[in-house]
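The chain below stands alone and is given as structure tokens, in the form predicted alone.
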Amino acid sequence: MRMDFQKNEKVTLKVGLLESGYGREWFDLAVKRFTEKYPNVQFDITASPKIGDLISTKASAGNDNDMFDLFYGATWTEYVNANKLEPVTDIFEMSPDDAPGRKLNDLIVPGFNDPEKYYKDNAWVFPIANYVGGMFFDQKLFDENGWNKNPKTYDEFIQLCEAIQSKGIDPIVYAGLYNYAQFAFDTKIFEIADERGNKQFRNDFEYYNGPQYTSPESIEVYKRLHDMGKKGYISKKSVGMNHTQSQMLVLQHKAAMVPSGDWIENEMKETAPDGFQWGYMAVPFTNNPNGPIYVTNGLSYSFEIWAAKPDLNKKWAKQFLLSLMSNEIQQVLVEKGGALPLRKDYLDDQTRADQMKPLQKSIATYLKDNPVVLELKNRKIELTDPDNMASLKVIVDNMALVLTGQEDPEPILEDAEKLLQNAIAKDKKAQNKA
């Protein structure tokens, strides 16, 4: 899909830019490249670490002329429900300049444009950077012991845990205080549903239909984790530990793997010993070697387009967002900002691949070589009733004892489910969605 662009169409795009840990070198280069190619387009940029507050203020004021054309995406369902956002679905059908004839949808990492997960039949948020959760380890330690760095099935992962345990090392430790196990295991319900052929599962998840914590898929996941804990694969040291303490045990080789997010390398850089090389794997819960393997994922940077803007502005805003997916801009985001590449073909260029940090390369290689689904776990109903947070507290406060094999999961899941169902019933009634 190509849009008809006339370079005599002068337009100024107002941009609300978040100043974040990714810096803005990538964005400034993108603006430079875009205005070189399209000199008729100018940018009026407002940048701030608190840009979300300004976006909210402008949106609430109701002055569409004063609102940004293009802005950092934080809130979106509220704007969609109020018909305030422009769909970005058509951008995925367009071709980046450095990949003529190839749709962005075919180039972007799987999971970022899935029509089955659309809200009101469209994509509304354009991805720029994401985080990936999973299991993190020292590649050097794994290589020295001949341990499997890429188990393809659940059985292979259990065999890996057995091999690590036989060396007197705890296979897994995690921040039980904050339930960091979620970064490795929260998406496994989708794998179980896929393996069992439950095609209704996603719809039930998105709309809070039926049991959630006590669904057959959820119970199966927690039963497996409880069994892993009873066998000693998940260290009892996890109970009461924070993320830094658990990650330190991996740095000291007292444990082999720790669930976390891809920020772990930067977070622990001051304490990592010489020669330590972070690696990444997801935990397969399927025994189908062809997957799919669902990976915990979240958007850490994205853009939205305001609907009540002239068509000309929205057209050029979409073209600019497409330009952010060029591998040139991606490279700056990766090397200067520490982001993960969103282009599947990023590693095809050896020079780009060689410039990546070890963990970035490990994650990107894993995503490229495995049947991964990046799972955002988006819901289509928002729960505001206090019982929702109360149910989550039951999980966070008790799951360390379950995962270390000391408490049965089902009574805890049932307690959390009762609170959650109370919240669902009250919120659906309030929103007329029962």
Partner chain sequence: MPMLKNARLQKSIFLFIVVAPAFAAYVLFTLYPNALSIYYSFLEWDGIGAKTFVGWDNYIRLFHDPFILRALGHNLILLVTVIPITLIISLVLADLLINRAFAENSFYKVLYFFPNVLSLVVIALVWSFIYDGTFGLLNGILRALGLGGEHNWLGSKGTALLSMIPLYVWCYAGFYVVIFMNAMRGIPKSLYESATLDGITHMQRFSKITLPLLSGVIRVGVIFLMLSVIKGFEYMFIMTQGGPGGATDVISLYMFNFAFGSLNLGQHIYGYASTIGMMIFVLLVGLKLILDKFFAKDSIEY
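Positions refer to the first chain, counted from 1. Being a predicted model, the structure only gives us computed values, none of them experimental.
The form predicted in complex with its partner chain is left out here; the points below concern that form.
- Of the candidate stretches 215-223, 320-328, 171-179, 347-355, only 171-179 has residues with heavy atoms within 4.5 Å of its partner chain in the predicted complex.
- Exactly one listed residue, out of Leu29, Leu376, Leu392, Val373, brings a non-hydrogen atom to within 4.5 Å of its partner chain in the predicted complex: Leu392.
- Taking a 4.5 Å heavy atom cutoff to its partner chain in the predicted complex, the contact residue among Asn203, Asn145, Asn287, Gln252 is Gln252.
- Its partner chain is not shown here, but in the predicted complex it comes within 4.5 Å of a heavy atom of Gly240.
- For the chain shown alone, Asp311 is not a contact residue for its partner chain in the predicted complex, no non-hydrogen atom being within 4.5 angstroms.
- At the 4.5 Å threshold, heavy atoms of Asp397 reach its partner chain in the predicted complex.
- The shortest heavy atom separation between Gln159 and its partner chain in the predicted complex exceeds 4.5 Å.
- Residues from 78-105 that approach its partner chain in the predicted complex with a non-hydrogen atom closer than or equal to 4.5 Å are Glu78, Tyr79, Ala82, Lys84, in the order they occur in the chain.
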